[in-house]
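Read the single chain below, which is given as C-alpha cells and is the form predicted on its own.
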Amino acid sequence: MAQSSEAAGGLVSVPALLHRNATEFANKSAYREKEFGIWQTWSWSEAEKEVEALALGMINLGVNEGDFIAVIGRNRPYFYWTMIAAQSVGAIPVPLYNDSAAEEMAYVLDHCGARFAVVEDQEQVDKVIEIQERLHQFEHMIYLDPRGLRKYDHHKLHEFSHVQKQGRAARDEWIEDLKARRAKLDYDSICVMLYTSGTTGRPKGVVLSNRNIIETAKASSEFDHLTAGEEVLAYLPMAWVGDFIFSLGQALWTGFCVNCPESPETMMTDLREIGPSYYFAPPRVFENQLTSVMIRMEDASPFKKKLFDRAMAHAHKVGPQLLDGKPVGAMDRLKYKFYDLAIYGPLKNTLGLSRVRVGYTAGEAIGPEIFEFYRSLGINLKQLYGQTEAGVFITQQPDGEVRNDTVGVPSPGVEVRIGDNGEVYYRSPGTFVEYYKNPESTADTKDAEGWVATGDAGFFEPDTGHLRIIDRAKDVGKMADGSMFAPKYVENKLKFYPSILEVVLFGNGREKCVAFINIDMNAVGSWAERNNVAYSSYQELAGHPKVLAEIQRHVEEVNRSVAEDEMLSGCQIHRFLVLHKELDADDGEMTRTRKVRRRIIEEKYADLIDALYSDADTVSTKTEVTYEDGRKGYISATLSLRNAAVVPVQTKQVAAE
C-alpha cells in the first residue's frame, strides 16, 4: 500500500483530495449547476464547507462508520457532496439510477442494507416510502427539493439544508469525531459501491476502494494530460461508474470544474453554454446527436443539403488525418479550413462540442461510421474499454493512434491478456475489491492473482498492439455451418442509420440470421411529417409500408457491407421485423444503461423469433407493457415479416480456386 500511496502523492482518500483542492485551488470554480435558467457556482473552498456541514449533520443524525447511504437523484452538486460527506464519516455511498422503479430500488436497498437515503424530490421519496416496510434496516431519508413534502411525516424525513444547518450548529460537538473518522481512512477503505447493470441477472454490488478510484483517476488523467482548467458536463447517471470516475474521481484528482445541467430536457442547451473541453458520452448519445443533425439536413434547402454533403465528403477524406497530425496537401487543408468556417464550426457549436479537447465513448461498441463522422469534424473522439469492476479504464486510445475498429492499448498500470478461449482478462490498481455478499461470483470473476475475466471476446493486433473486442463472449457463437456469429457487429452497422434506434440479432446455432428492429421515433416521425404520412402511434408508424420499405433498404445495404468481411459474412440478415413497441428498461428488456437483455428478449418474444424462421408473412402477438405510473397493460399487434436480399458468399475453397 505504501508504494501506491506515494504514487498518489500521499493522498489516500477522496476527502483528502477535496481538502487538497480547497487549499490549492481555494477560489477556483469546482461545481456549477443551472437552476431557473441561471448558473450557480461553488468554489473548491465553498464545496469543502458544504461537505463538512453535511458530514457533521450525518453524524448528528446517527450515521455510523460502515453504514451504507443510498444516493438517488439526477446529477447535482449536492449529490456529489453527499458521496464525499458519506466517505468523510466512514460510511459508504451507493448511488442508484433515479429512473429505477420502486421494485428495482428495493432490491439494491435491501441487498446493501442501507440505513439512510439521500434523494432528490417527492417522486423519489414516494418510491422509497412504497418499499420501506420491506427494508427492516432503513431509518432516515434526506430530501433535497421540499416541494410537495410539507404534509409528510418528518420524524424520519429531513430536508437536506436542515441537516446541514444542524451540522453547522453542532460543529463544536462533532468536529473532533469527524476529524477522527477522516483520519482512519486509508487506501484500502471502501470508497463507493456501484451496482452492475444486470444484463444477465440480479445486479451485483461492486465494492471499489480509495486505491481503485484514486489510482485510476490519476493514471487516466495523466494519460490525456487533463488539468485543473478542464470543464466537464455531468449528465450521465451517477450510479454508473463512468460518471463516478469522470465527475468525482478525476475532478477531485485534477481539480477541474463539474457542471450539472438544469434538467435532462435542457441538457443540449446547457452543453452548448458550457462548451466542455473534456467530454464523455455513450454511443447512444452520439447516435442521437447525429440523428438530430440528419433530420435538420433533410429539412434544409437542396442547395444547403448539397453543400453539406460535399463538405462532409471532404471531411471524411482529410479530417481524421489532420486531427492525427498526418501530412495533408495544402489545397485540401485550405478547402477543409473553408468548410470549417462555413459548415464544421457552426455544426460543432450546435452540438456543444466546439471546445472538446478530449472526447471518449464507451459502454458499447460505437458504429464505425458514427465514430468517423465526429472525428472528421475535428473532434478528438476516442474509444476506451472498461468495466465497473475495473474502475472504468482497461484500454485507451493514445492521440495519433485512434481507429474505429480497436479500443486502444492497455491503460497505464493495467495488464491485459487473452485467454485460450479468446476471453479478455485484466488486472490493475483499479481492480475491484469484491462483489458485496457474493463470494462465489467474486471467485468466478477474479482469481487469486487478481486477474479479472471480462466476459468479452477479443484479440490483440500483432502489428499495433491494439485490442479489438469482437463481442460479449457469451453472445459470440457459431452459425449452423460453423461460421462466426457476432451480433453486435451487425447491430452497430444498422444503428448508424438515423431511422434505426435499436437492433437485436438472432442466429446462434441457426442456418441464417434474423433481426428485431426498433425505429427512432424522432427521425421517422420527422420523415413522416415531411412526406405527409399520417400516424397516431409508434405502433402505427412502425408498421407503415413506406417505413418498412426504408428499413429493408438499410438492412440490405448493411448485408452488402457485412458480406465483405470474410470472418462475419454469415451474419447477414435474411428476415426481420420492426417491433410494435420500443424496447424498454421498465419492461425488463434493457438495463438502465440501455444495454439489451438478450436472454430476456429471446424468452419474451419467442413467438416472434419462431415466426421469422418460418415461411409466414405476418405474425400476431400480445405483449405486456409497463406504463409510466407503474401500471401494467397489454398491446396487441400484427407484424409484417420481411425478407431481405443477401449477398451469396463463396466458400474459401471456391475463392482459392
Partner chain sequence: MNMTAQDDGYITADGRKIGPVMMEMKNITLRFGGVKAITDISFDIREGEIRAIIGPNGAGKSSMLNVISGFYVPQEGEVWYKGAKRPPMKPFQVARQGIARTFQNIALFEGMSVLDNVMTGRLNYMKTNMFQQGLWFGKAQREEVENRESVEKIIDFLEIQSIRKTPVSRLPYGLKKRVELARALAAEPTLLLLDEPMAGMNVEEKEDMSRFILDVNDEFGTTIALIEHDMGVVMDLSDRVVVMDYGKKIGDGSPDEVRNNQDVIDAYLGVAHD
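Keep in mind that this is a model prediction, so the values were computed, not measured. Numbering follows the first chain given and starts at 1.
The form predicted together with the partner chain is left out here; the points below concern that form.
- Listed stretches are 172-180, 143-151, 93-101, 480-488; the contact stretch with the partner chain in the model of the complex is 143-151, by a heavy atom cutoff of 4.5 Å.
- Using a 4.5 angstroms limit between non-hydrogen atoms, T266 touches the partner chain in the model of the complex.
- Of the heavy atoms in K49, none are within 4.5 Å of the partner chain in the model of the complex.
- The partner chain in the model of the complex comes within 4.5 Å of a heavy atom belonging to R631.
- Using a 4.5 angstroms limit between non-hydrogen atoms, G66 is distant from the partner chain in the model of the complex.
- Note on the partner interface in the model of the complex: the residue among E262, D399, D186, E557 having a heavy atom within 4.5 angstroms of the partner chain is E262.
- Note on the partner interface in the model of the complex: the residue among K28, K34, K604, R594 having a heavy atom within 4.5 angstroms of the partner chain is K34.
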